[in-house]
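This document starts with one chain, in the form predicted on its own, laid out as structure tokens.
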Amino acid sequence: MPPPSELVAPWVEWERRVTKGRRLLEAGTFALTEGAIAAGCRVFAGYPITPATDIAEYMSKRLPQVGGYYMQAEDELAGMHMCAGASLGGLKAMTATSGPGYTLMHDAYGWSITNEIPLVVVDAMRVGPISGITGAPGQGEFYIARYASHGGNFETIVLSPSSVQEAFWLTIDAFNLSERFATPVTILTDQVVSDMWEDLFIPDDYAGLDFVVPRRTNLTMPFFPVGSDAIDVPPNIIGRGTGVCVSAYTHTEEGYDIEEMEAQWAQTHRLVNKIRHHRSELTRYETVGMDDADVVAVAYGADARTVKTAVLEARARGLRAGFVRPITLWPFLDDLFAVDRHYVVCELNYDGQLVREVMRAAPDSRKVHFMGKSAELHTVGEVLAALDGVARTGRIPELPYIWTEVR
């Protein structure tokens, strides 16, 4: 009998309701593009970079077909500012890049956060540091995505798919959240999910997707409900006589710059608490075998695929193993790690990023084990050996190319 499993995500319900469509063999970049079109995205601006370039190419073909606009920017920073401007003009917008371009966007990212501009950013991670290897997967932007700009005093929303099909639904979800929370949402994918080809279901009628949150417009005061944690506040529109001011500075409800601490506190309250106070609206994850697990493997993105297979194989061999795949990476899902047991955290970096959050959230950080690897997915054999080692001795055995130290 298969172990109990759970997928908590809005597309579980969407897949039951949408049955008419086409089945294709397509790439993850195609799914990200079509998900954006289905969500109502009508502007893409960006700069080419592997493994996200195909998204720009697909967008340059698809957007003119639906009345949208594709813009080739001079760099990633300009591309994200163009998207922010388009969103302020009333159109849903998206940009896509990889790690080197993502770090260049952070001034525009903070500008969009503080001005509560809805848009979606795709970061297709590759191995680093810096430019690294363009055709190999990495997971080095876990923390960069959380702290996506300077200055602090904000929360971010970050989602991560693990399949081509999930990339399609998750992109719609990312647009919905960006509209509801009036903030940029990052899709943190990786080279494998972006480049691989899989079975993909595409609905026939995008206009009939009643779960897509439409773009609304706010034309009156208050333009910025500072001090409030409310969501579902229609975003501001400029250029239609609204009078809203938009800048990178602390602002009043009209949007005017202000140098008063009370205004800064009120703005921070809103930017942080509109996300912190609505975590239940942001919870997406997958679990397997958590009812009786003594040791739980944790992974996200493409790496979660081989890790999940290893957990199923471990259970077939009699090991009480479990599996957790956070889909929402930020805000971090602390409750997934509330039970006191061993956790083996698999991620594609050697410095250890996801593992530090699991150590913080788990009851006993000494039972959280790191299994870092770089540029290649964990093999089923490696994860099986780690789960068996932790279950029997409390330690991961020495394995080639696997790092276990966290400092």
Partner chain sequence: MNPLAKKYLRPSQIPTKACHGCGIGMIENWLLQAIDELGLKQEDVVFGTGIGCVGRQTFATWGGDNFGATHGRALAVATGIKLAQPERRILVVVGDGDAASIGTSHLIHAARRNLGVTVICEDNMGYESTGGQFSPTTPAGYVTNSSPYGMVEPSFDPCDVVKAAGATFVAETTATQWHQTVKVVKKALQNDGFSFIHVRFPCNENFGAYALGTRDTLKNLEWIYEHTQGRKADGSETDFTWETGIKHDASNSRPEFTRLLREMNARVQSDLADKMAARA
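Residue numbers count along the first chain shown, from 1. Predicted model only: the values in this text are computed from it and were never measured.
Only in words, not in the display: the form predicted in complex with its partner chain, which the text now covers.
Of the candidate stretches 67 to 75, 189 to 197, 132 to 140, 302 to 310, only 67 to 75 contains residues with a heavy atom within 4.5 Å of its partner chain in the predicted complex. Contact annotation: D257 falls within 4.5 Å of its partner chain in the predicted complex, judged by heavy atom distances.
With a 4.5 Å cutoff on heavy atoms, V43 counts as touching its partner chain in the predicted complex. In the predicted complex, none of the heavy atoms of L209 sits within 4.5 Å of a heavy atom of its partner chain. Heavy atoms of D107 reach within 4.5 Å of its partner chain in the predicted complex, making it an interface residue. Between the options L329, V122, V295, A86, the residue in contact with its partner chain in the predicted complex by a heavy atom within 4.5 angstroms is A86. In summary, among the residues S247, T283, N153, T220, the only one with a non-hydrogen atom within 4.5 Å of its partner chain in the predicted complex is S247. Looking at 325 to 358, no residue comes within 4.5 Å of its partner chain in the predicted complex, counting any heavy atom.
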